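Taking the form predicted alone, here's one chain by itself in structure tokens.
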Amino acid sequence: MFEEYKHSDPNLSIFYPECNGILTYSEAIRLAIGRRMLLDNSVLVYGLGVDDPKAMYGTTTNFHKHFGSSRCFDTPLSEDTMTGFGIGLAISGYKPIHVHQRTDFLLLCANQLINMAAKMRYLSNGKLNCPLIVRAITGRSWGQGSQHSQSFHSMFANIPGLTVMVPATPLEAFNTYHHALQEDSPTIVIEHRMLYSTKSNVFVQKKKPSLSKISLGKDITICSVSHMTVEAQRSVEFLNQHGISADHFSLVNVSNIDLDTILASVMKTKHFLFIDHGWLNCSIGHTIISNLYGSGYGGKHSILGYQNTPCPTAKSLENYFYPDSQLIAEVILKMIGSSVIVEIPASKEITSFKGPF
């Protein structure tokens, strides 16, 4: 599976499993980044908590021991300055990975990302590249609240020169970093905190993920983003028991959307449901639907996402903020005109969480 990554150092064998395996989302990220750090000395990781025992949900465990403190190090809480630091490294021949605790605080370095990193190649007439990767984590569940639950993929995807990735599965996460670390342009990767323990088979894909097929069906086309992919697939699997099936896609690359694949599916099913992990005004979902109708699609459509309000802190109110499997199933049934009555329990990952972090 990973023949190109063979390495003789037994102390680093953790990055080289002998066969295909099932990995968690966090293990897949650690594997992809760790291997590139072995192969390319210009790759380094820095940010809050990357070298502490929790190691950003286990994604950078022992990197500071394996690669040294010059290639994996903690930083001050100064998003703007540290992003500028990364841009300087990137245009000087390094491939820095800047780890942010929260997606929300990308706003504090928006000028560096939008006016500097994204435009570096354009302003230098192609003489300078900026292979900076920004890892940003979004949250959910009691205690996250209005300043720790935002995604912003729609906003950053509107900027030419930035690539925005929102992997939902371990396979997508692995290949996002595997390929992004071999490119020479800035990339923002938004990870969801509740995905780190999810599992899937992981292997090297030929190209960076864009639109991943999760399931194959005939009644409706679903396109979902980030953690909504998990919620949507729970609905799909439940509805399969009632003879209802769906083409379900996970949208990973929101900067370069594979509209042709979506169009081919909706022309077959005549129903399209987009489920965003973000607000819907000026959203990716509306862009996709506009393009579908402009390309000849004339069927039904619906969009789900955040409610039009800041995210509540109280769990009882937060339950109304995000689409869940129950709501998704009800919308699907209404769209296809089915009289099936559903009752899907809340996922264990959500009901078992007891604290803010």
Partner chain sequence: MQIEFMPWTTILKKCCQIRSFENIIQELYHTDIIQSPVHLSVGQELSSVLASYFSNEDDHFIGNYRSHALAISVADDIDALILELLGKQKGVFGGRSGSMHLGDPDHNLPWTSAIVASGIPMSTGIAASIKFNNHSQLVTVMFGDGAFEEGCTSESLNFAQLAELPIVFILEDNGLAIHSLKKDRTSVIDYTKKASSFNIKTFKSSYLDPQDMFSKFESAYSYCRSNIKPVFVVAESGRWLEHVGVGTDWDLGYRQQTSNEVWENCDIINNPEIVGLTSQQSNILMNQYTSLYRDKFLRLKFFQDADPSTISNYV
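Positions refer to the first chain, counted from 1. Remember, predicted model here, so these are calculated numbers, not experimental data.
What comes next is about the form predicted together with its partner chain, which does not appear here.
For the three marked residues, Gly84, Tyr122 and Lys127, a heavy atom of each sits within 4.5 Å of its partner chain in the model of the complex.
Its partner chain is not drawn, but in the model of the complex it has a heavy atom within 4.5 Å of Leu44. Put simply, Gly243 is far from its partner chain in the model of the complex: not one heavy atom of it is within 4.5 Å. At a distance threshold of 4.5 angstroms between non-hydrogen atoms, Gly139 is out of contact with its partner chain in the model of the complex. Contact annotation: Phe73 falls within 4.5 Å of its partner chain in the model of the complex, judged by heavy atom distances.
Among Trp279, Tyr196, Tyr94, Phe105, the residue placing a heavy atom within 4.5 Å of its partner chain in the model of the complex is Tyr94. The contact residue chosen from Thr221, Gln112, Gln144, Ser250 relative to its partner chain in the model of the complex is Gln112, the criterion being a non-hydrogen atom within 4.5 angstroms. Screening 250-258, 155-163, 206-214, 233-241 for residues having heavy atoms within 4.5 Å of its partner chain in the model of the complex returns a single hit, 155-163.
Along 265-283, not one residue places a heavy atom within 4.5 Å of its partner chain in the model of the complex.
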